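Listed next as structure tokens is one chain, alone, in the form predicted alone.
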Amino acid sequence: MSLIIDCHGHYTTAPKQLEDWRNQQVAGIKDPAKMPKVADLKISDDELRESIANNQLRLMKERGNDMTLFSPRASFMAHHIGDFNVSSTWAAICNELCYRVSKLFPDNFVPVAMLPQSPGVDPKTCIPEMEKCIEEYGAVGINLNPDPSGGHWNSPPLTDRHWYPIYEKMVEYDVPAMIHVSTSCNACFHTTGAHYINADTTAFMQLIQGDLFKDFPQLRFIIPHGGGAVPYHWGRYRGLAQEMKKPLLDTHVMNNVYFDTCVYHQPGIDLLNKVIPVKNVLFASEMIGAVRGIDPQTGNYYDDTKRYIDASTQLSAEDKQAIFEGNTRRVYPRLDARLKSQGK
């Protein structure tokens, strides 16, 4: 029987002490006297257990999901706030909490690292935290924010050498990156309804325009939320690549780019799997995340994405196994090694 592995989970239900500490940290940017110490944040293992058992783990059991790749809350990353020291401290705290969750629930949660990015700061400053999370916490991947400015897009495109220090370390450790922005501080872009989807689409177009994978043929990216607008406009991107004299997309980018199934209705999932090759689709739900309600048309949670894969009439049993487990183990080899060591 297949494992059902959700490659896209965030710690959105962390105890309130975390948010309170963060608010104090933000206040301390203007008034250093208010800046809290890391030791001021006290969250017990029992509080962590309760925050998970009553939320993510409960829903995982109800929906038949076995394991979640677990990273800090995306909207809380807020790399645009403060300087690198602020982001570095905040990332370390959030990553440690996800690691502690993975130790408390080792069969259900595996950590993925948030990077301490900061606008205008050399990405190589993220390397120490990345190394710590992989070597000490057992992180199997990272989240990479292509827009640390929070909606103003003043960083170079993902194909620029600006990002190469992170890519080199990704290749060294053989870990993928999920391309995931954080909170939008631009009022024009709703965080989860516009900024996230814009970023997914933008990242894919940047990869088409460049030749990144010639320099890094082993690099692997997951573009979340079903790839934003990409599957719906697949002909547009094929046509643009053709006009740019780029190779066909299946060789230019699709050996290195994967989409998840955080698409919250059956027609959307069906389109994703009709347009995008099965080998490039990874199961994910992002629960408990951006869309938490119940769809009145179905009576089920919007983010219960396993139902959509189960109900698909175009996917074979082998296709579903690949989406639920096989593809994720291939894209996240450190996860695969961990599962094999457990006899799974």
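All of these numbers come straight from a predicted model, not from anything done at the bench. Start at 1 with the first residue shown and count on from there.
The same protein also exists as the form predicted in complex with a further copy of the same chain; that form is not shown, yet it is the one meant from here on.
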Task: Triple contact flag N186, Y264 and R292 to a further copy of the same chain in the model of the complex, non-hydrogen atom at 4.5 angstroms - done: yes
Open item on the list: Between F84, Y164, W153, F216, only one gets a heavy atom within 4.5 angstroms of a further copy of the same chain in the model of the complex; which residue is that?
Closed with: W153
Open item on the list: I need to confirm a contact call. Of R100, K132, K246, H233, which residue comes within 4.5 Å of a further copy of the same chain in the model of the complex, counting heavy atoms only?
Closed with: H233
Task: Partner-proximal stretch of 44-52, 57-65, 294-302, 29-37 relative to a further copy of the same chain in the model of the complex, 4.5 angstroms, heavy atom - done: 294-302
TODO: Spell out, yes or no, whether the shortest heavy atom distance between G120 and a further copy of the same chain in the model of the complex is within 4.5 Å.
DONE: no
TODO: Evaluate Y137 for contact with a further copy of the same chain in the model of the complex, applying a 4.5 angstroms cut-off between non-hydrogen atoms, and reply yes or no.
DONE: no
- [ ] Flag A311 as yes or no: does it have a non-hydrogen atom within 4.5 angstroms of any non-hydrogen atom of a further copy of the same chain in the model of the complex?
- [x] no
- [ ] Considering only heavy atoms, tell me if G226 and a further copy of the same chain come within 4.5 Å of each other in the model of the complex.
- [x] yes
